[in-house]
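Have a look below at one chain only, the form predicted alone, in structure tokens format.
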Amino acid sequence: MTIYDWPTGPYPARVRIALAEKNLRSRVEFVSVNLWSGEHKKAEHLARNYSGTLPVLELDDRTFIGECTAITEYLDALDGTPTLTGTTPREKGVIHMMNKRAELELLDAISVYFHHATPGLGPDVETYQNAEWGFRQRDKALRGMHYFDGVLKTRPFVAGGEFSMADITVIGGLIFAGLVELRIPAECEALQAWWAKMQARPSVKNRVTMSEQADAVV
């Protein structure tokens, strides 16, 4: 399998964490697609993924799977023993609900803030920006942090008693928040405590190698 991504990207982080949780890193070749030069919006990558986003999984039969949730579903099902996406109908329903909320209320909102209300990936890539919309999404992300703080006051993980795809998506959101210097509000103590534990988790802590980190410096 091949993963096309950018090592330090918050969306690629979701798939890298899933790979580590499933012990599949050794089965994957990583190919960097440079976000900062807009390589993900050029014809070669658009042929892999119409949306022009990262990451993308390429299977041995040349099937391309984009979108983090879809890739995680595929990886989680490979060994017949899903651990990230649920096993019972109830687990699957709750995990997918919370995963979508993590995307809408946190990760994607921060992405819009980054691309519209900050310099983003630079003028060569950010051909249209709407700062007002970006700041609205920043505020939405902060509300999302309060929401997940409330969730994590009642249970150890985002979708219940076990680490899941929903946790990975919130992790991606908080990685992105760190990149844009959007701090978790001080009053969100449950979210802060959970985030500290997640950062110490091996799949999160070791998602990028030192050489990849050096290569990704712009």
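Residues carry their position along the shown sequence, with the first being 1. Because the structure is predicted, anything quoted here is derived from the model rather than measured.
The form predicted in complex with a small molecule exists for this protein as well; it is not shown, and the discussion that follows is about that form.
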Looking at E58, E39, E67, D149 here, can you tell me which has any non-hydrogen atom within 4.5 angstroms of the small molecule in the predicted bound form? E67
Only hit among A177, L191, A159, L35 for heavy atom within 4.5 Å of the small molecule in the predicted bound form is L35
Report whether the minimum heavy atom distance between L121 and the small molecule in the predicted bound form is within 4.5 Å. yes
How about L54: is it within 4.5 Å of the small molecule in the predicted bound form, going by heavy atoms? yes
If we define contact as a non-hydrogen atom of the residue within 4.5 angstroms of the partner, is H115 a contact of the small molecule in the predicted bound form? yes
Within a 4.5 Å heavy atom cut-off, is W195 in contact with the small molecule in the predicted bound form? no
Contact segment among 181 to 189, 24 to 32, 40 to 48, 150 to 158, judged by heavy atoms lying within 4.5 Å of the small molecule in the predicted bound form: 40 to 48
